[in-house]
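One chain comes next, on its own, written as structure tokens: the form predicted alone.
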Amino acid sequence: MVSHIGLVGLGKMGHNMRERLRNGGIEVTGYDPRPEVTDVPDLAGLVAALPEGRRVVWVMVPAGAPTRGVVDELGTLLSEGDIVIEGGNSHYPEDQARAAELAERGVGYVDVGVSGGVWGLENGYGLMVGGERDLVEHLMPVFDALRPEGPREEGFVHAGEVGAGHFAKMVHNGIEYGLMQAYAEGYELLAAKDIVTDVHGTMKAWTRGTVVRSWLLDLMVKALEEDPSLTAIDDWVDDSGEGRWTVDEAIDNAVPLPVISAALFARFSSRQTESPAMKAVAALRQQFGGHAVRPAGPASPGAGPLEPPA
């Protein structure tokens, strides 16, 4: 029975996960480079603080080089029978490589896709787990402390072998891209037409009883309550990798993903101060049909064409 784990990474999610685990009866020793939040000075101190036996360390740091560095170091500190849980948004092939490397030292590896964001402390975290069944069963007290209240199967899944947890989370995040884009486009159309005078109220009215209600819609309504015209933020939107990986997998498996693909490309469009592609479209329309174009510069979006269309 697991009753004490190490947790590496006490950022926005890791800090709240430590608190929820403690509230659920799991003792946690946390490590973070920031002295104001860490329980121990370094990874060696974290491993030393764990009870002898089958030690468990959950890694909750950004995907890529940070995760690789932490897992590599843990591999030199842990012993046969110990377990590493990788809870970031790593690309699933990396899980398979890390699991094989740790297995040479007798250390187990489990990958977990974690959803819940900054609200997880209060609401619990949706968990998608990949790894050997005996390891997952051994870790169930930890997963039960983190998941939402209610039936286990509504907030937790052992999705398959190593890599399955992060593959499931990748697809989950791809779906999230599409949902957010649909809500955003609906908001823009409501705001563009003067017939709707209460855009925020309209979207709030969708939050109960309608087929488009969801937690993401609730968060959209909350954002509009705080900033009705969304003037306080820029329209530049980042992507953290999972959307790209989802589209890559769709191509490799010949699975059509038009909505998720379009949502990913919309994020790319948000980062352009001007669009070379749309300039090319305007130039082509002018070439084949003599259609009007606007000169580059601070022309008003509401200005009429500079010359009549052909």
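Start at 1 with the first residue shown and count on from there. In this text the structure is predicted, and so the values were computed from the model without any measurement.
The same protein also has a form predicted together with another copy of the chain, omitted here; what follows describes it.
Have a look at 76-84, 204-212, 135-143, 102-110 and name the one stretch with heavy atoms inside 4.5 Å of another copy of the chain in the predicted complex. Answer to the contact question: 204-212.
With heavy atoms only and a cut-off of 4.5 Å, decide whether residue 50 touches another copy of the chain in the predicted complex. Looking in the predicted complex, residue contacts with another copy of the chain do not include residue 50, since no heavy atom lies within 4.5 Å.
May I ask you to state whether residue 121 is within 4.5 Å of another copy of the chain in the predicted complex, using heavy atom distances?
Contact check for residue 121: no, nothing within 4.5 Å of another copy of the chain in the predicted complex.
Exercise. With the partner left out of view, is residue 42 within 4.5 angstroms of another copy of the chain in the predicted complex by any non-hydrogen atom?
Worked result: Answer no; every heavy atom of residue 42 is more than 4.5 Å from another copy of the chain in the predicted complex.
Going by a heavy atom distance of 4.5 Å, is residue 54 a contact of another copy of the chain in the predicted complex? Output for residue 54 is no: heavy atoms all beyond 4.5 Å of another copy of the chain.
Residue by residue through 181-209, which ones have a non-hydrogen atom no more than 4.5 angstroms from another copy of the chain in the predicted complex?
181, 182, 183, 184, 185, 186, 187, 188, 189, 190, 192, 193, 195, 196, 197, 198, 201, 202, 204, 205, 206, 207, 208, 209 sit within 4.5 Å of the partner.
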